[in-house]
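Before any questions on how it binds or moves, here is one chain, the form predicted on its own, in structure tokens.
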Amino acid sequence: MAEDCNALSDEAFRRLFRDWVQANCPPHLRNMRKQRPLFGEVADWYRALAQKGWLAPTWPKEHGGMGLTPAKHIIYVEEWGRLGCPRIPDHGIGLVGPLLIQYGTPEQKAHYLPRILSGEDVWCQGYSEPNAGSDLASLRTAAVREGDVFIVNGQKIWTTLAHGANWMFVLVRTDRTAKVRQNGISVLLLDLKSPGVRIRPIANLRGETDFCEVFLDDVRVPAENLVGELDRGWTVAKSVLGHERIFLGAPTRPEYALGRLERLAEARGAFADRAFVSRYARLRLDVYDLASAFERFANVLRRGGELGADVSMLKILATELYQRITEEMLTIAGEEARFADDLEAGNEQIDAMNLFLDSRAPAIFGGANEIQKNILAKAVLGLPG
């Protein structure tokens, strides 16, 4: 059982978390080139967190979590990023666990939650489909009840790390006659070892297979794996994504990239160029602005408030700034920018192209920036559709 971190002051908890991570997170896993490693690549770090009781920061203590307040959780996320901790396969911790804690049956909680904490079950998220990504309510993967099972047929796409998971929580259509598209959708827990499941990895720009297609052909899912009410899964699905955008808008990735840009610029003599200094100053000021905006939204959570639609701007600011910083790195690299290899910068290597390619995806996942702008236009500015 983790100690009561909420009893500490914010700064005391920050020091405690930072010191423990420095002592226990393996150095070779810090600031990994691969942004979404498979479970086996970070299993030791995952288990170290679990043994400490620090794997599930927001889960209630009675379920094996830390039970952190929003203020402490924000510190946890900030320090995780600044210390370069690797991202663990976190769908089980961040999505499935909270979903089951809020909507699951006692039997589902007793079975699945301990297996998430032990790493025995690794989860992926079956939401997006061809022609149903940003417009998720148009999904067509169907689940038909036959006795004590659901028969599932359909296809999911952009399923992160499905090839490294053994379970998927999946949105399915259980009522095709519903007049409102958001109705008639349910959430099922699906064993990826079931007959009829096929997983095909999709390579990204860096040649890594973060994403997958998942084909479901007459897959039999026990009816007891239904989470929440039948045909009311839309509410369940949205609830687990409630605070996602503030963390997608955290300044940690732009801050890290700006530090790498500084090292490269110093090694290449770019600070002697007034034009570069002007561009660099703008980027640094924009990082300060992003950190200030993040802090404003974080304070809402610290006070126990709920985030409004305006939090969408945070994701836009963070992801577009990350792209601009990495583009400047390639400008400094000049002709060498066309190479995928790391760039020499004094006594170290700068992974400029790796960061540039990594910066392309965040503007799309978690709700594409174009969708976020639509949300801001309608819900914040009150513009017509």
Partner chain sequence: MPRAIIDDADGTLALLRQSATQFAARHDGPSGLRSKRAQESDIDRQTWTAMAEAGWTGLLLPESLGGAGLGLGEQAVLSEALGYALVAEPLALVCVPAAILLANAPPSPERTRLAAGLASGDRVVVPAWQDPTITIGRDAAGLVLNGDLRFVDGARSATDFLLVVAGVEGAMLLSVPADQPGLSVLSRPGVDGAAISSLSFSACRVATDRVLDRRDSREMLLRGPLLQARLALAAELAGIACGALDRTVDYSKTRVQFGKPIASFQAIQHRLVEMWMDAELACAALVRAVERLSAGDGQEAHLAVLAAKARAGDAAVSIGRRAVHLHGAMGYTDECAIGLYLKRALNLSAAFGQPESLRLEFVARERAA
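Positions refer to the first chain, counted from 1. None of the values given here were measured: they were computed from a predicted structure.
The discussion below concerns the form predicted together with the partner chain, not included here.
Chemist: Evaluate Glu62 for contact with the partner chain in the predicted complex, applying a 4.5 angstroms cut-off between non-hydrogen atoms, and reply yes or no.
Modeler: Because no heavy atom of Glu62 falls inside 4.5 Å of the partner chain in the predicted complex, the answer is no.
Chemist: Even though the partner isn't displayed, in the predicted complex is Ser278 close enough to the partner chain, meaning a heavy atom within 4.5 Å?
Modeler: So Ser278 does not count as contacting the partner chain.
Chemist: Contact between Asp135 and the partner chain in the predicted complex at 4.5 Å, heavy atoms?
Modeler: Residue-level check for Asp135: yes, a contact with the partner chain.
Chemist: Give a yes or no for Arg200: in the predicted complex, does one of its heavy atoms lie within 4.5 Å of a heavy atom belonging to the partner chain?
Modeler: Close contact exists here: in the predicted complex, Arg200 approaches the partner chain to within 4.5 Å, heavy atoms only.
Chemist: Pick the stretch from 66-74, 356-364, 25-33, 46-54 whose residues have a heavy atom within 4.5 Å of the partner chain in the predicted complex.
Modeler: Careful reading of the contacts points to 356-364.
Chemist: Out of Ala272, Val180, Leu205, Leu285, which one falls within 4.5 Å of the partner chain in the predicted complex, going by heavy atoms?
Modeler: The option sitting close enough to the partner is Leu205.
Chemist: Has each of Trp80, Arg87 and Ile375 got a heavy atom lying within 4.5 angstroms of the partner chain in the predicted complex?
Modeler: Answer is no for this spot.
Chemist: Suppose contact means any heavy atom within 4.5 Å; which members of 208-232 contact the partner chain in the predicted complex?
Modeler: Heavy-atom contacts within 4.5 Å come from Phe211 alone.
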